[in-house]
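Next up: just one chain, as structure tokens, the form predicted alone.
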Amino acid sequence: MRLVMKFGGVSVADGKGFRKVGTIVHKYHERGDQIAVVTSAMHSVTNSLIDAASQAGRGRKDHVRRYVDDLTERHRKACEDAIENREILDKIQHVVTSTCDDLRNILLGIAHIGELTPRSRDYVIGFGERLAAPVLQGVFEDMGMKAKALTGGEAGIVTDDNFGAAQPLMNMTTLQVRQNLGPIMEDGTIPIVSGFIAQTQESIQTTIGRGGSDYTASIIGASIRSDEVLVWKDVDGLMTANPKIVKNAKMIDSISFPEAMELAHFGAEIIHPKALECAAKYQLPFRVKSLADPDRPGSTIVSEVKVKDGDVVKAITNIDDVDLITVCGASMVGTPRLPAKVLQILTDEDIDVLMISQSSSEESITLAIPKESGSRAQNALELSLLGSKQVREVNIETALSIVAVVGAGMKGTPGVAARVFATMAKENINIRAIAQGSSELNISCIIKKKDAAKAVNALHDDFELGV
């Protein structure tokens, strides 16, 4: 089989993790599979690079020097713990040191100028993946496998120049990735591709957004026409609810891409929605596998939606820490452009809208916003709208959560919404806003954050997902 394996930051958190990844890949390699690996940065490294870039932009050179020294030592230590062969170890540690020296020079350059541009920021925050890939190469070689570390750009992923959230140019990308990786894999070599980063047609490094390593795996899988993409996680697979909240949550054996995308959007952070969208377009099967128990089958994500009798709801998920913004005014009635204007204001402020609901009277629009953006959203809307005759006030309510009921079996099944509301009422939980997409794959409710765990457990029990 031809496989793409994606390993996240938790998988490569330290030398022991790198070695575990090598053991997993070696097993598939031994049975004759052709494998391409996509790696994230070591755990928490991307966040630390973002901070380092910000500190450099403020001219803090001493901070930069200390940071790069610590980063170098962390990766050299991971090499020592994961690679036994001295010659291979020396080679990879030299690559790590050289790469970190490049990072130091770039950050000090930014600090000298005192300006951090989107282009230079993208270049800096991609260093985590650029460091992880060679370490994996050393581990694989230490275990007797041929391997080659590549950046996303070197693999052939081409994007536009929207730094921070670049969009792949898929026609060019699929052709180049196939040309670049195909011969390597046919030769029995395992390409190790740095996730998250790519490049423009002018070879300028870009990043494709947070969670981009999942997206990279989809792009690689679509390009080389892989039989499956295996995403390795520290969980058994996709669950019927967050097991930290619901003790009897069960693993979902199989789920469709539309259902998985709904779960991903509403808090189940297993696979990034962009990766699922790409995989669905190219009909690329995904499987979530367990790092702790690699022999378990995991959860499959496939194109075909299969609904068993009585299988109405597939999972319950939730997003904590949500603010509710309500824009209201009697003059909004019959003003079709106002909802578009509201969303444009938030788009200009780079604020994500998790959910939107408009009353049938058209006197109010309600938007769910991540907590960290709530006050900023309210201020932007007040500045832009309160001077008009259409909007009377912009209100904000905090300490809320979104609870979503997801399942393909909901489509065309009467009474699901009534059942959800009855369960909430039985638990004495007040619903502040509701929304249901035209696909009928989910019903979303906004409730008080303090009631979220109770609501998720009650709905999980009512739909008998733990049985």
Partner chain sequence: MPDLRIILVGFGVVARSFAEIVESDGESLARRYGLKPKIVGIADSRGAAIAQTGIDLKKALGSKKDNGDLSGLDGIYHEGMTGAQVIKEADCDVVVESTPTEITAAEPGLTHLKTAMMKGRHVVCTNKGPLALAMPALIELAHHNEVVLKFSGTVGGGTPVLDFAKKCLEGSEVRSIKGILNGTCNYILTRMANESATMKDALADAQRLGYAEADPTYDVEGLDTACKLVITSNHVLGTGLSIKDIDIRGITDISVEDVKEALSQGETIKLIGGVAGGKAKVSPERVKLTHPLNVSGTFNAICFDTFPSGEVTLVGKGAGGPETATSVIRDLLEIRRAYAR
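Residue numbers count along the first chain shown, from 1. Since we're looking at a predicted model, the values are computed, not measured.
The same protein also has a form predicted in complex with the partner chain, omitted here; what follows describes it.
Considering Asn171, Ser98, Gln283, Thr347, which brings a non-hydrogen atom within 4.5 Å of the partner chain in the predicted bound form? Among Asn171, Ser98, Gln283, Thr347, a heavy atom within 4.5 Å of the partner chain in the predicted bound form occurs only for Asn171.
Tell me, which of Glu363, Asp160, Glu228, Asp81 has a heavy atom within 4.5 angstroms of the partner chain in the predicted bound form? None of the other options qualify; the answer is Asp160.
4.5 Å heavy atom contact with the partner chain in the predicted bound form for all of Gln176, Gln179 and Glu202: Looking in the predicted bound form, the three residues Gln176, Gln179 and Glu202 all sit within 4.5 Å of the partner chain (heavy atoms).
Where, among 271-279, 162-170, 236-244, 119-127, do residues come within 4.5 Å of the partner chain in the predicted bound form by heavy atom distance? Going through the listed ranges, the match is 162-170.
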